[in-house]
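First comes one chain, alone, set out as structure tokens in the form predicted alone.
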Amino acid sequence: MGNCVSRSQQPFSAFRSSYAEKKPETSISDSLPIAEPTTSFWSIPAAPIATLNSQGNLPSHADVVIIGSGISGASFARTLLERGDGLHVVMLEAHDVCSGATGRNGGHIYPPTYHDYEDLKKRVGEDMAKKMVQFRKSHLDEILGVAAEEGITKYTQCRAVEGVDVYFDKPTFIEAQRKLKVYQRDMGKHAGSFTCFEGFEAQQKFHLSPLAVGCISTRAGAIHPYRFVTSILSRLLIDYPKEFEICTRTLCTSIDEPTSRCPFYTLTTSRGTITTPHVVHLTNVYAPALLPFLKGAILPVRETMTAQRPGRNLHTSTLHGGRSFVFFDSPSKGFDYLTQLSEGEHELMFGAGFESPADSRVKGMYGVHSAAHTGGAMPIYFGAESWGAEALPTTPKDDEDAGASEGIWAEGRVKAIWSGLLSESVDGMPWVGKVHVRLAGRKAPPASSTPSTLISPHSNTERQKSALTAAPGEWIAAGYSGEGMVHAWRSSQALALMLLGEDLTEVNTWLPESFSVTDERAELAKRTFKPGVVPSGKKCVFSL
């Protein structure tokens, strides 16, 4: 099992940590995907496609090869197959389907808005800052709409919720209110609705600890991310049986440029080789392993995530999954985040925004400090009275789920702890677009290798081909800096349209140009920025 730790060695048999560590895991900053030693609560029971095509021979060729099977992969494949014309698409996954960051996060669809708007404005200008925030905000309604179209809203628990930022540090709350005013002034009607609550009013409204000094509430969302991704991929496999294949437990180890004997990229994997004119890198934090120019531009950060049984009084605070929270403790401690499942034991999905250096000695394992913090913080945040007595385990009504999880979860407050890697883009922005050959360090296949179809000839002797895609090359959407749920879907959607060679006039109205993959940006990012120097997203409320 490689780096895996057996369940008997884990104090919680299916735990991870999502308390983002402030110190990047530089030892794996350019490595291939590892086998994570902890099990995500989201992934039990496993989807039927979890280990699809994990044995046997690979297809020898595909029109498009996608590397990665998380939310980026699902969005890209869905757009490509539904908008394309008979393309043969193969998705390679190093481990099980959706076993990376998407299947290990908190299910939070809560975009940073006022938190870093002012900082973005200083760096990229007011117009681009507005566009970036609007892009993030658009993901909630986009994902709600996709879930409805797919008929999986209930199954994935995809819903809008009240999002509440809770502050425990007075200077930070004052700074947050100031940032909010700047944001609302500039964004006008596009800012959305926000309400501030101070002191006792905040504590009473949201049933919080007396330690809370204030709250800012707005609209947010929550979802079961693993079910969302695996449901979409499962449906695509049914609807496009000849066009779409997923090969799991197939680690891509290298990409070779075309030669005089083979006019395509050759991808070497743990199960053989496959050729293609298009390689799509959707591995987020692991992108630098196959695209070395991103080393130092996209860095890994390990986080700890938990699933916990709620205290018996907590429903008045969380509304059985109708609210999500972000807890801003102090500038030195960072922030934590919380969603709640709307069914079953109404588990609290609780993790944290950044963390002290890892104290785990096992690669991929959560640190003791992060696990201790996530395991004990919530009764402090909500207060003893609002938390109430500890809940007792209950038996799931769904026999299938009960059987799948029997003996896996702990019986106390904390059912599961797990950890996973998120990416940190050093300039605070995702990387979305085609990768120029100078950056990729590999020649692209010739134009003659572009997937095409025969069209009706103008004469009996003339045969013409119509290109089905843009010119061959490598493509990427990665570097979401811990905010993948409000960047990945539409970034990958846009990327698919680019690969298809479609008119991007409409896309350019909502996709920020600052996400583009250029030589200048790559050089500037590594030369100018260091890890943690450019805080992005919600971390910016601490830039006092």
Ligand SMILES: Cc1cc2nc3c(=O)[nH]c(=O)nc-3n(C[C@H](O)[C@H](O)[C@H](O)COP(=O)(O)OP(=O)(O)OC[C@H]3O[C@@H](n4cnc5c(N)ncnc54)[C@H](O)[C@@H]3O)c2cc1C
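Sequential numbering from 1, following the sequence displayed. All values derive from a computational prediction rather than experimental measurement.
In what follows, reference is made to the form predicted together with this ligand, a form of this protein that is not presented.
For D63, no non-hydrogen atom is located within 4.5 Å of this ligand in the predicted complex, even though that partner is not displayed.
In the predicted complex, this ligand sits beyond 4.5 Å of every heavy atom of V414. Of the heavy atoms in G100, some are within 4.5 Å of this ligand in the predicted complex.
At least one heavy atom of L421 is located within 4.5 Å of this ligand in the predicted complex. Put simply, of T230, S370, N105, Q340 only one has a heavy atom within 4.5 Å of this ligand in the predicted complex, and it is N105.
Interface residue among V89, A94, A377, A212 relative to this ligand in the predicted complex, by the heavy atom within 4.5 Å criterion: A94. The stretch in contact with this ligand in the predicted complex, judged by heavy atoms within 4.5 Å, is 479-487, chosen from 512-520, 479-487, 499-507, 43-51. In the predicted complex, the residues of 294-324 lying within 4.5 Å of this ligand by at least one heavy atom are, in order, E303, M305.
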